[in-house]
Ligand code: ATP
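Have a look below at one chain only, the form predicted alone, in structure tokens format.
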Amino acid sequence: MLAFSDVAAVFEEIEKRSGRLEMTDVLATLLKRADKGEIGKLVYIIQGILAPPYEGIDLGMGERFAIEAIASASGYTKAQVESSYKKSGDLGDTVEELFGKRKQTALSTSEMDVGYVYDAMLKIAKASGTGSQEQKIKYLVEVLNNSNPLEARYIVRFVIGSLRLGVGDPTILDALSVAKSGDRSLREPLERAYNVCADMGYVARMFYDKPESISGFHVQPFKPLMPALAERENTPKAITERLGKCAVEMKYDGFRLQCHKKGDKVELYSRKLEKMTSMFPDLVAEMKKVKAKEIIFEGEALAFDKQKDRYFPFQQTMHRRRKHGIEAASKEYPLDLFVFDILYLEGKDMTNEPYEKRRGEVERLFKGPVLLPSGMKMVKSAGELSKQFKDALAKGLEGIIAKDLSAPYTAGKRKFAWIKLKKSYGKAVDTIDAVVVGYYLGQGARAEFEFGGILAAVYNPERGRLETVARIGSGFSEDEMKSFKENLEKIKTKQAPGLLDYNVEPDFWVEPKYVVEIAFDDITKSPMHTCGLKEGKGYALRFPRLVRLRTDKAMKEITTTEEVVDMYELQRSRSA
């Protein structure tokens, strides 16, 4: 069994490394020592989670409760713990320091292994009902009583959701491959397996049990896939030159849902892979009527405005995503679900089938009135594609998505199998999705809101790092400034996110949780930002402003560094 003290020692070593290759090799040495019974739990701990997002298991323990547990286990008062925390800026460092000079110790302690720590964390997460917070604190105290100072550092960071290792999913996949084969040759099949089930712990367990099974990994009901993502082009001509004859689908500005059915069981998942079934009873009822015993399909849900005979904008459609008043909301904002892909049908993994075949099944199975195929037409020329694009805009839609007729469904990948064209792409103004990593205090007229803007970052999958791309100070309404301040204050941290590379510092760092859509005029080179940093200059957005908070998107879906570079090149080609 793998001792948690050994895990903590490797975590400390990883924190000292900055290069992804170095971190991979150090992590691989740890993964080599795990057996098939504990590898899944270890991988979840490295990810800083207890289960994949669709299982909805959350520790639910904030800093305040962790401080109470630290005080109880160390013999210091809460005030002394808080004072130490203010100095260190990291609650993990605080508990390590205080445990090095404990005022009290437990009567008996025992060495903890990975299974013990994971199971204890799961027990904390599942405590519920009256007195659950006190129970959570009690369970954490029990774990801390068995911890040495270094173990306590990582246990506390884990429970408050700030492990700070700087290790992303790509690094874990590389390390799993290195642990078993000595190199990264198994990274590709491991990544595909992860993309089709979105459960790294499960993939690791299967890999350690039967390594050969990874190459044959297939889609399963109720294990949602990572959503396929679209690339972008800025003209119909560029799209048809790349794809030739293609399908053009309407791009709906709605709520993307992945729908699973097996027998009478139905589950709906958001694009962040969170379970949404209870929020959409009307769609669940319609899914039960689908003439397929087993199916996984994707669609875009839009709320329809009967009075105006058109679809509500995104913000109003999002009113359907709620935990209370569901029945009333379903009447006020009735949904249509435009189905655009089938990923699994009657026991068969459809993701490797060409788009044209998958689309045929969509049209065979979905006839409306609530579940219906997305609008689609075949085009052969740039002129035909341009007409479909204009028709989409006339209907109040975002634009179109062109799809390669022969391409498989690329779960978790951004490929030119799908190419989006939005109304902004032909103009100077464009948009990206980025994650908020910090915020600024208000000044002048904004001083009363104590909020002056946000620092946003994109993701570099090759490096497994977040890279800053813009400081956004405009586009916020007064209500948005207040809500951003309130929400970001709850996830404020004393130090920068572990995955972030930065040259500028906000007034406050935050956990990389909230995704925002940002409009901008163009992209420039700047020494201030780290996106694609080379020779002292990175890429930065010029005149960035907030469009909206994307509560439907996960950090895995934000714009990549490569996309920003490609947009910069497209921008240059437009002006040439």
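Start at 1 and count along the sequence shown; that's the residue number. Please read these numbers as outputs of a predicted model, since none were measured by experiment. Between two forms, the rigid core is the largest collection of C-alphas that superpose within 1.5 Å.
One more form of this protein should be noted, the form predicted in complex with this ligand, which is absent from this view; the next part is about it.
Although the partner is absent here, Arg550 sits close enough that one of its heavy atoms falls within 4.5 Å of this ligand in the predicted bound form. Contact annotation for Arg187: none of its heavy atoms lies within 4.5 Å of this ligand in the predicted bound form. Although the partner is absent here, Met250 lies within 4.5 Å of this ligand in the predicted bound form, judged by heavy atoms. Contact between Lys261 and this ligand in the predicted bound form is not found at the 4.5 Å heavy atom cutoff. Relative to this ligand in the predicted bound form, residues Phe11, Asp25 and Tyr208 are all farther than 4.5 Å at every heavy atom. Only one listed stretch (285-293, 222-230, 386-394, 189-197) carries heavy atoms within 4.5 Å of this ligand in the predicted bound form, and that stretch is 222-230. Of the residues given (Glu398, Asp90, Asp169, Glu274), Glu398 alone sits with a heavy atom within 4.5 Å of this ligand in the predicted bound form.
Shown without its partner, this chain lists Thr240, Thr493, Ser374, Ser270 as candidates; in the predicted bound form, only Ser374 has a non-hydrogen atom within 4.5 angstroms of this ligand. Of all the residues from 339-372, the single one having a non-hydrogen atom no more than 4.5 Å from this ligand in the predicted bound form is Phe340. With the core held fixed between the shown form and the other one, Thr560 has its Cα displaced by at least 2 Å.
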